[in-house]
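First, one chain by itself in structure tokens, the form predicted on its own.
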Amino acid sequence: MAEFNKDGLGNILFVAVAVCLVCSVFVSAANVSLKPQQQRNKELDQKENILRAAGLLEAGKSVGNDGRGVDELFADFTVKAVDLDTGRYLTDFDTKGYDGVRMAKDPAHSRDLAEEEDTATIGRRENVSLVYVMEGEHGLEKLVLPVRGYGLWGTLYGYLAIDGDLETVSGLGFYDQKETPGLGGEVDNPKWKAKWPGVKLFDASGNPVVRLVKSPSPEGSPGKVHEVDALSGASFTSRGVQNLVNFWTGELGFGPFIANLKSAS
């Protein structure tokens, strides 16, 4: 009988394969068992970002000023699907798990933007987007729209909240951005974000006219209500934010949808 060699190549390979198999089983089991919690955390994070953009949840807090938690606060919103070409709600559309950013990568569910159209530099725009609607006794109170656009180093992803008049910014927040810390990264600075509420999105003709400026217009001048202070030392990021806000409130974004809501009110 041949002598067993524990240091032989065959034995080493056997042990290595066995260890790999055992580890893969544990990793797979952990992934499966943790997936529901991961999905829950993802949904919770999205809700928090929407609520913060709408001014209903302060940064760093998980409870509103009225003592309600994230799920309770978000329950005031209705999630709806919008056809961006027609600007109308889609009925019988399953909004759960829908990802407009992912759909934008699929030519069957998106539109390729020509260079002159693509002011936000996103390449393709999804055909259907989700919106978050809060209504009260007197009708629409807040509307939150997903927005994105290119800054200096990458795409900024966030939410734009609009008051019930469909003219006034309620808040703007980004949940994913790659801008330079201390410069373009100041899009996450609460002091800068506090400058957005009250800004008027459209001119008298309904055109998006938000501007990020280094030198604000004099108080009382017509253009003042459309202006936000540009980020210091971050011209490209500031221009990117300006472009993405105006794109998504314009004709190729949610412009037709907002116009339909106005005509219906």
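Numbering starts at 1 and follows the sequence shown. No experiment lies behind these values; they were computed from the predicted model shown.
From this point on, the text means the form predicted in complex with a small molecule, which you will not see here.
A single residue from the set 173, 146, 184, 149 has any heavy atom within 4.5 angstroms of the small molecule in the predicted complex; that residue is 184. Only one of the listed residues (56, 234, 199, 212) places a non-hydrogen atom within 4.5 angstroms of the small molecule in the predicted complex, and that residue is 234. Judged by heavy atoms within 4.5 Å of the small molecule in the predicted complex, the contact stretch among the candidates 105 to 113, 133 to 141, 120 to 128, 176 to 184 is 176 to 184. Contact annotation: residue 153 falls within 4.5 Å of the small molecule in the predicted complex, judged by heavy atom distances.
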